[in-house]
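The data below hold one chain only, encoded as structure tokens and taken in the form predicted on its own.
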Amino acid sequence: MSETAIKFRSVTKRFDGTELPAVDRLDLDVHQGETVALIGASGCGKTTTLKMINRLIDPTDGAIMVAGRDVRSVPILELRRSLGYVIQQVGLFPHMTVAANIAVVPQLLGWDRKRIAARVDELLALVHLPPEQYRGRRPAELSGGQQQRVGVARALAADPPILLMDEPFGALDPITRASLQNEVLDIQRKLRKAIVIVTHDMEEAIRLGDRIVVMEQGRIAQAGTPADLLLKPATPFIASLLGEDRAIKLLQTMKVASLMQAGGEMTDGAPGIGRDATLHEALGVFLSSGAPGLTVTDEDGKAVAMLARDGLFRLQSAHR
């Protein structure tokens, strides 16, 4: 098990004038290298939980530990500079260039110009914005999706081990949203941050989360991997959040490698699919080709196994 990046221990938050706590005796660990998605109905406490990590909101009771330190014992500016933070509204400074926006925290940390310039270009390339085209632009010259990419780059500027994301893609159109979700997945594969993301979209939680934490009335209603929740939702409320197409969503969480048959007989001319593709992607190939089996390939394109259509369809039917 990787090291614990964030710990919540019996954390409660009560706001003045409210009868029930917004967060009620929360215990939760987030490990380095994993993405935890917080989801639930409006007012369930997910955003309050996130904001208590960087002390935009202080807990009433309990303790929150970041890298082994109680957040209340860390000077607030030091704490916030050590955490990446991405919000829905992006919050770029309109009068500053893209490069200057990304450089804000490194400058506060006293980095030299050469190091900052190199980091800006590295991060722009990471979020697929060519540095030579974008470093000198201002936010008003960018699309919403491009602004959000810059927001992600800014959050990563000082290479924080923890990234907090509060409904980061909620205002974007579906195509741009899916593209940025892919960017986050790619960044996480490369950088292995501890990521906490608040979302109201279960499909986004399933796609991005290594674990999903469903919150209800300030408490954890269920926590587990996407497959855990899809296979056995704990309550009718959680089942309703997951939707009626749970079998399809389950295929999106499972890799071809989990169902391929290494000893199976491969058919000449059968369509190919990578073993790291999802079973949902495999289903699409089956439906478009009509083939009874697919040739499974490794990273070098070498055929290593086969995937039978009947086996995939049986799996899907079993979990309807």
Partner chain sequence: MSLGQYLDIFGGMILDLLVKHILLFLVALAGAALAGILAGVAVYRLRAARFIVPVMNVLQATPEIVLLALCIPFLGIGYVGAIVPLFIKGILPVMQNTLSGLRSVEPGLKEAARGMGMSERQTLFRVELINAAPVIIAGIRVSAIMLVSVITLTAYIGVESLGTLILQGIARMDANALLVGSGLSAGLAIIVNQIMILLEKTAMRLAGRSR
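Numbering follows the first chain given and starts at 1. If you're wondering where the values come from, they're calculated on a predicted model, not measured in any experiment.
We do not show the form predicted in complex with the partner chain, though everything after this point is about it.
Q: With the partner chain left out here, work out from 240-248, 139-147, 113-121, 172-180 which stretch has heavy atoms within 4.5 Å of it in the model of the complex.
A: Stretch with heavy atoms near the partner: 139-147.
Q: Looking in the model of the complex, is the partner chain within 4.5 angstroms of a heavy atom from every one of 81, 89 and 95?
A: Every residue of the spot touches the partner chain in the model of the complex.
Q: Decide whether residue 54 counts as a contact residue for the partner chain in the model of the complex under a heavy atom distance cut-off of 4.5 Å.
A: Contact with the partner chain, yes.
Q: Should residue 71 be counted as a contact of the partner chain in the model of the complex, where contact means heavy atoms within 4.5 Å?
A: No.
Q: Is there any non-hydrogen atom of residue 108 lying within 4.5 Å of the partner chain in the model of the complex?
A: Residue 108: contacts the partner chain in the model of the complex.
Q: Just to confirm, residue 104 within 4.5 Å of the partner chain in the model of the complex by heavy atoms?
A: Yes, residue 104 is a contact residue.
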